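Just the one chain here, laid out as structure tokens, in the form predicted alone.
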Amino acid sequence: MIGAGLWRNPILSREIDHRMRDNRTYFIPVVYISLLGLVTLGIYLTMGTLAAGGPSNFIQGWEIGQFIFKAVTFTQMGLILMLVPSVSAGAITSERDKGTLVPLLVTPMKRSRITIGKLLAPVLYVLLLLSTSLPFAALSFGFGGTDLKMLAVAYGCMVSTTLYVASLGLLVSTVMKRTVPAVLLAYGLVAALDIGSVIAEVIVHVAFKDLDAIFFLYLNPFAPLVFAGEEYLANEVSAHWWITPVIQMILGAFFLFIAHLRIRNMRS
């Protein structure tokens, strides 16, 4: 019943229909898959060349598989951080730019359905892109070095990052008046959170040299991918990779709540 009600959301249906009529909807997946293919091929050729030029067993097959898996997942995380702000930060501002915000607000539809529809439209599009990348990530299984747990962890972290950044973009869209400034602000906030977390972590460890704990680095979306890989290699818990998705879900829920309040209080 919940799923059926979700798909009957007119905002979500309209956003999907509009996106499917946009030529960029088909151009972006082609670029996305081509880039992942080039990264995979580059890693394979590089590792193969090193293995051929080194001594026997210089590079194991599982190492090639793990390098391919890391390259694919890290590339996808970077693409998510580049793509999601551009498609979510214009959720409300694009309505204002086209002059359709007032007709949208005066409809008898609940504001909560507007919020959910505007959030899920970019999220579902990114999930579609993630599904197309599964063959590249699964390719590493043939070489070894990864397993289904690592695949689930990596894609779970990418999904949580998508929801987190999409919620932030939606909030920015309710604050700004025009699409271009909203997109630029969303990119700036994402960059500040990602790069700032690394800088803050370095400053803390420089100030407290004997400190072994991790604090701000958990805010970085790339951190759980690194931590999960370390756990797989060491076969032990080296860091709590799941902390980052939990933080993202909490912050994403907060951003979504504030965005919904602003949409609910908008006047036609």
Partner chain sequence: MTGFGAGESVVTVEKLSVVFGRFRALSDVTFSLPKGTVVGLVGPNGAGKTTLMRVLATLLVPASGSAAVGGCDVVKMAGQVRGEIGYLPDFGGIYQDMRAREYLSFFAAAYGLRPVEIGEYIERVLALVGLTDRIDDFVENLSLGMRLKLAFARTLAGDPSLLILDEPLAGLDHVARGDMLDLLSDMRSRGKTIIISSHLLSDLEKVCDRILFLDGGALVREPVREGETVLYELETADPPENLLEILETVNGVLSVETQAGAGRLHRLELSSGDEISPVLRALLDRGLDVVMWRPVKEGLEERFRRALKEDES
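Being a predicted model, the structure only gives us computed values, none of them experimental. Numbering follows the first chain given and starts at 1.
Not on display, but discussed next: the form predicted together with the partner chain.
*Asks:* At the 4.5 Å heavy atom threshold, is Thr100 in contact with the partner chain in the model of the complex?
*Replies:* Thr100: yes, in contact with the partner chain in the model of the complex.
*Asks:* Just to confirm, Leu129 within 4.5 Å of the partner chain in the model of the complex by heavy atoms?
*Replies:* It does not: once the partner chain is placed as it appears in the model of the complex, Leu129 has no heavy atom within 4.5 Å of it.
*Asks:* In the model of the complex, does Leu189 have a heavy atom within 4.5 Å of the partner chain?
*Replies:* Leu189: no contact with the partner chain in the model of the complex.
*Asks:* Answer for Ile258 alone: is it within 4.5 Å of the partner chain in the model of the complex, judged on heavy atom distances?
*Replies:* No, Ile258 is distant from the partner.
*Asks:* Please identify, from 154-162, 175-183, 102-110, 71-79, the stretch that has a heavy atom within 4.5 Å of the partner chain in the model of the complex.
*Replies:* Among the candidates, contact is made by 102-110.
*Asks:* Suppose contact means any heavy atom within 4.5 Å; which members of 9-33 contact the partner chain in the model of the complex?
*Replies:* Contacts from 9-33: Pro10, Ile11, Arg14, His18, Arg21.
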